[in-house]
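This document starts with one chain, in the form predicted alone, laid out as structure tokens.
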């Protein structure tokens, strides 16, 4: 076996049958009806669903280059090991919110995981204004459990330092470092700017105070190994249904600042907030959904704080870090830095390489530019004013002032 791409459907089916019992149990004995469907719409890896209409699994495979570019953009295969390992680690602490990994094959750079096809991509759900009353609580619990249990609050010195080394992920970190903190703050060839937004983008590129603060965030991202991050926690990596939430695709995982994961998902909720005025629907309906989005951020943060503090009080192994005063100060700083990372997400998704449908599906480019300008203004404010945005209530006031 090698890390070459699966050559046909039969090879993928054999990979699943040889390494799991999903389809050859007493309930599912007929494997001749198995079908393979390529479902990956991402840029980097290949993703397949294997099903017989009664049961299904997902196979994800990495090749030593970016899927949509080819061999001209090489990429370390270790990313698939990191992804499978991170899913298992997150599943150990937040099993309700992470699909199970059934098997990982290092030689094939592939793993088999639970199919969550009964869930909907969160980005699509937000654009459609789905009612997801549990979303904020679920995300807050996922973040608290995964970040606490991989941090110095829970791990001893030897465990933590070994874990940091095990998740060194330079290829994927470099992508983040460039797409978050370099490209959007200059006239980079990878950027994609809506023509009516060009003047606003150029003004942002000349904002030296903003670029200094973005540099601080980049340095923090690169050097503060607080916990195991998902590190690509946007709304396309979250799948939902009314009563359930699942987080996938942690191939960017590494040890970094907790605020990056928190800020990234909050930034995606705010991107949808920015896009709502230009999306289809009645004005009142859009405004109600914007309120829902802000309330979801409220709930996410309140849940994270409550659960994280409970975990510290019950499971923290270092008495120095268990001090209530230290925990309060740590959480307060994490929120402020999260605002900065939310700001970088807003800006890079608006004028950088990788846009989002929350904005791009607004067909009229002038109408879209209004939402995009709001996203840029809010992103800049979050980055530059993060030290004084001390709570979700202050965030709401800031949004209302833009």
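What you are looking at is a predicted structure, and each value in this text was computed from that prediction instead of being measured. Residue numbers count along the first chain shown, from 1.
Missing here is the form predicted together with a further copy of the same chain; even so, the following discussion is about that form.
*Asks:* Using a 4.5 angstroms cut-off on non-hydrogen atoms, would residue 153 count as touching a further copy of the same chain in the predicted bound form?
*Replies:* It does: once a further copy of the same chain is placed as it appears in the predicted bound form, residue 153 has a heavy atom within 4.5 Å of it.
*Asks:* Wondering, does residue 225 line up within 4.5 Å of a further copy of the same chain in the predicted bound form on heavy atoms?
*Replies:* It does: once a further copy of the same chain is placed as it appears in the predicted bound form, residue 225 has a heavy atom within 4.5 Å of it.
*Asks:* Under a 4.5 Å heavy atom criterion, is residue 195 part of the interface with a further copy of the same chain in the predicted bound form?
*Replies:* So residue 195 does not count as contacting a further copy of the same chain.
*Asks:* Residue 107 versus a further copy of the same chain, in the predicted bound form: is there a non-hydrogen atom within 4.5 Å?
*Replies:* Residue-level check for residue 107: no, no contact with a further copy of the same chain.
*Asks:* Here the chain is shown alone; which of 128, 302, 77, 182 has a heavy atom within 4.5 Å of a further copy of the same chain in the predicted bound form?
*Replies:* The option sitting close enough to the partner is 182.
*Asks:* Looking at 231, 258, 135, 122 here, can you tell me which has any non-hydrogen atom within 4.5 angstroms of a further copy of the same chain in the predicted bound form?
*Replies:* It is 258.
*Asks:* Is it true that 242, 390 and 397 each have at least one non-hydrogen atom within 4.5 Å of a further copy of the same chain in the predicted bound form?
*Replies:* Not a single listed residue reaches a further copy of the same chain in the predicted bound form, so no.
*Asks:* Using a 4.5 Å heavy atom cut-off, indicate which stretch of 107-115, 212-220, 275-283, 138-146 touches a further copy of the same chain in the predicted bound form.
*Replies:* Partner-contacting stretch among the options: 212-220.
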